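Only one chain is included here, represented as structure tokens and corresponding to the form predicted on its own.
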């Protein structure tokens, strides 16, 4: 993987993290105000879920370079 590809992946990871954190935070605030009498735990839960999804997506994106494509895996498993 070249340095340019790695930089693009990190840029996508950071952008995805900001978007998912903001969405989780926004939904947490809405649920906190509307349903839970202004408690803080929905905000924390929404932010945590957003960051967790962003982390999982980033981890998958960075590992994708090292994974064997499914077609190759199926071809090799038929020869065993």
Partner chain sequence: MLRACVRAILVFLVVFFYSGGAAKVVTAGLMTVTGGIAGTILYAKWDHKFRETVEKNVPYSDRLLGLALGPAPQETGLSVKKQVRMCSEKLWLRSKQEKKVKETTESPIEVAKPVTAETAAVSTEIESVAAAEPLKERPVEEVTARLAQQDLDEQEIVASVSGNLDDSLASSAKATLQAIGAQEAALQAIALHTQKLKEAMEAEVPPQEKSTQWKDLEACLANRAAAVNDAGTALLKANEALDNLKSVIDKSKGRNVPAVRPLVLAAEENLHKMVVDLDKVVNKVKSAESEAKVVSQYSELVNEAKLQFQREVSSLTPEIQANWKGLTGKLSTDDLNALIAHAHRRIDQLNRELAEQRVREQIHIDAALEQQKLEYLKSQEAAVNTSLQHIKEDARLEQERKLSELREVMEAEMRTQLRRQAAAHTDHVQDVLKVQEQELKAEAEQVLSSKLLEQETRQRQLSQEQLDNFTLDMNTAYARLKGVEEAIDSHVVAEEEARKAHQLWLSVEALNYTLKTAEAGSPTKPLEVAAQAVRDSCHDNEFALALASALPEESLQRGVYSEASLRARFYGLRSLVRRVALIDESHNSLYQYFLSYLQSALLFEAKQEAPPTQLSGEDLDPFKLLSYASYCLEHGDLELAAKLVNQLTGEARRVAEDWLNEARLTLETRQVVSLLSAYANAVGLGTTQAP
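These numbers were taken from a predicted model, which means no experiment stands behind them. Numbering follows the first chain given and starts at 1.
Missing here is the form predicted in complex with the partner chain; even so, the following discussion is about that form.
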### Close approach of residue 63 to the partner chain in the predicted complex, 4.5 Å, heavy atom
yes
### Message
Can you tell me if residue 59 lies within 4.5 angstroms of the partner chain in the predicted complex, counting non-hydrogen atoms only?
### Response
yes
### Task
Mark residue 36 yes when one of its heavy atoms lies within 4.5 Å of a heavy atom of the partner chain in the predicted complex, and no otherwise.
no
#### Entry: Contact flag, residue 31 vs the partner chain in the predicted complex, heavy atom cut 4.5 Å
no
#### Entry: Residues within 4.5 Å of the partner chain in the predicted complex, restricted to 1 to 28 and counted by heavy atom
1, 2, 3, 5, 6, 9, 10
